[in-house]
Ligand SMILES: O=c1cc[nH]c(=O)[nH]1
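Have a look below at one chain only, the form predicted alone, in structure tokens format.
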Amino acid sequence: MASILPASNRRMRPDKNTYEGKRSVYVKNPYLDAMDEDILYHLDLGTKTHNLPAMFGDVKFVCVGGSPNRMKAFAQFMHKELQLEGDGEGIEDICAGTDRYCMFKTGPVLSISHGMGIPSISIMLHELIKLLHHARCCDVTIIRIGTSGGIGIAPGSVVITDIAVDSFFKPRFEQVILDNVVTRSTELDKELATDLLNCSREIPNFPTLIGHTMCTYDFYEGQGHLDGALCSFSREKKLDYLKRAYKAGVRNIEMESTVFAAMCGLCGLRAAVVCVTLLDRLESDQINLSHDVLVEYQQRPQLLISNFIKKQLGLCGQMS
């Protein structure tokens, strides 16, 4: 097995696309420069068909989440929060030519859906990172916002990830490349996590904590669910596993954070993962919330990120 690749480009030789005083978006592919055209197929964009620097050069914040509807709602919310012209209701999907992902731009904020699971978000991230590189974006912060299952914490709690871990509670992402297993670091930006936590304290009645996030390849068996079509373990083994996860520092479970942390770190993106918990997995396997409470919980990460972005842009006179 290969050594763990570092998550930060500060430990690597700077690439030729480093702009003085700026943190640029890296691509780790020597073949891209020789390509006459780069087609971002799953985003319905390309270097010849679109003027990517003109379209995206001012992007400073990228927010990604699984659901297309929630990412559109977040874009509309940011449109209002940034006090942009119009009501934002007619905001257009930049990726309307494909049904794989959706993308919306509101000022310097890009909102993109990534689907569910490591394969889906991985495809999106490859093309998103190339997009930011081709657009010559600098000093970009990328945040995954979503929902998750909590471990030992109350439903509605917002977890800011310090380290993404795999199903063995190890801070690593294993990628099969050809017939080799490459292991990459899942380190996230600690300063960004702290900034987000401090920002959450300015919102009343907003339970937030920093903790490890466990990323699995499956929702049911991989997360110890007793309610799937298949189950080959006992309730006691499930609880023992989740309690060991809690002891290892894991506070929530989702399905994208390890590859997100690994790819963003290698490509020079300041990254964070912010997920609300919808249940405590030590108590239940199924979400049992009213519609209104579920919607309110789902909006908590968006509210935190909105306030964080406004603060970064100097627009925090009135917090939501």
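Numbers for residues come from their place in the sequence shown, where the first is 1. Note that the structure is predicted; figures quoted are calculated from it, not measured.
This protein has a second form, the form predicted together with this ligand, left out of what is shown; the following refers to that one.
K.L.:
Within 4.5 Å, heavy atoms only: does R251 come near this ligand in the predicted complex?
P.N.:
Heavy-atom contact with this ligand at 4.5 Å: absent for R251.
K.L.:
Does G224 reach this ligand in the predicted complex, with heavy atoms at most 4.5 Å apart?
P.N.:
No, G224 stays farther than 4.5 Å from this ligand in the predicted complex.
K.L.:
Since only the chain is shown here, I'm wondering whether A272 would be in contact with this ligand in the predicted complex (any heavy atom pair within 4.5 Å).
P.N.:
No, A272 is distant from the partner.
K.L.:
Could you confirm whether L52 comes within 4.5 Å of this ligand in the predicted complex, counting heavy atoms only?
P.N.:
Outside the cut-off, so no.
K.L.:
Of the listed stretches (144 to 152, 80 to 88, 200 to 208, 167 to 175), which one has a non-hydrogen atom within 4.5 Å of this ligand in the predicted complex?
P.N.:
Heavy atoms within 4.5 Å of this ligand in the predicted complex occur in 144 to 152.
K.L.:
Quick one: from V295, I39, I287, L32, grab the residue that has a heavy atom within 4.5 Å of this ligand in the predicted complex.
P.N.:
Looking at V295, I39, I287, L32 one by one, just I287 meets the 4.5 Å heavy-atom criterion.
K.L.:
Out of L43, M263, M255, V62, which one falls within 4.5 Å of this ligand in the predicted complex, going by heavy atoms?
P.N.:
The option sitting close enough to the partner is M255.
K.L.:
Going by this ligand in the predicted complex, which residues of 267 to 288 come within 4.5 Å of it through any heavy atom?
P.N.:
Residues within 4.5 Å: L278, L279, R281, I287.
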